[in-house]
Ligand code: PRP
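Below, in structure tokens: the form predicted on its own, a single chain.
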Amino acid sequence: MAFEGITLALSKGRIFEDTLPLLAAAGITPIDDPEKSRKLIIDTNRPDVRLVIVRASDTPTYVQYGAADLGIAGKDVLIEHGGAGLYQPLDLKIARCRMCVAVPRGFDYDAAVQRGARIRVATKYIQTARDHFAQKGVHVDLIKLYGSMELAPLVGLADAIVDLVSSGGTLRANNLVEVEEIMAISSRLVVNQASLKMKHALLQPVIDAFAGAVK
């Protein structure tokens, strides 16, 4: 039997933790902690609201296809996804970091990105990296990796990386330096457009509560 209430897609870790105060502002309290529970569907104190725990990169897909009515996803994830079919009413200003280009210490980045040059870049964020270097008129060979980006320049796989940076500690530990900030990143509320029409009376108060908490 289909769930008649609101389904909110969230990922574990920092986004979940940063979302708890927003949920509280909307009168929603999860029954279980996803870090301690193996459950992928988590009930809340409200019978008409449930959470689904998904991988961060999958959040927009669950919302786009209506498996979740709303979700919280980083700007980085939304750019890669394309945001098709998603209403993005709020920048929640949580899980903040920045998308950067980093290279090994001593690498002459300015010379490497002269207009018309070619550079090898390892990243999980293919669309973001492609757009960034295209704007600079630099030819780029993109190498898609899913983790440990910092290793790629150290073993000669790539000249540079494009990745999320928070404190910069991992870069420093691996003798890499940040040479360019591409954009600031934070998490956004995304809403399924059909759900917004069909479940407006349920969804709008939650959206409004989130907006009030952000302010």
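The first residue of the sequence shown is number 1, and the count goes up from there. Because the structure is predicted, anything quoted here is derived from the model rather than measured.
Omitted here: the form predicted in complex with the ligand. The next part is about that form.
*Asks:* Going by heavy atom distances of 4.5 angstroms or less, which of H132, K124, R120, H81 would be at the interface with the ligand in the predicted bound form?
*Replies:* Flagged contact: K124.
*Asks:* Quick check on this chain: which one of S166, S37, T29, N175 has a heavy atom within 4.5 Å of the ligand in the predicted bound form?
*Replies:* Only one listed residue qualifies here, and that residue is S166.
*Asks:* Does D58 reach the ligand in the predicted bound form if we count a contact as any heavy atom within 4.5 Å?
*Replies:* Contact check for D58: no, nothing within 4.5 Å of the ligand in the predicted bound form.
*Asks:* Determine whether any heavy atom of Q64 comes within 4.5 Å of a heavy atom of the ligand in the predicted bound form, and answer yes or no.
*Replies:* Residue-level check for Q64: no, no contact with the ligand.
*Asks:* State yes or no: in the predicted bound form, is some non-hydrogen atom of E150 no more than 4.5 angstroms from a non-hydrogen atom of the ligand?
*Replies:* Contact with the ligand, yes.
*Asks:* Please run the contact check for T44 against the ligand in the predicted bound form: heavy atoms, 4.5 angstroms, yes or no?
*Replies:* No.
*Asks:* Going by heavy atoms within 4.5 Å, which of 185 to 193, 45 to 53, 66 to 74, 157 to 165 lines up against the ligand in the predicted bound form?
*Replies:* Single hit among the candidates: 157 to 165.
*Asks:* Given a 4.5 Å distance limit between heavy atoms, list every residue of 183 to 215 close to the ligand in the predicted bound form, or none if there are none.
*Replies:* Counting only heavy atoms within 4.5 Å of the ligand in the predicted bound form, no residue of 183 to 215 makes contact.
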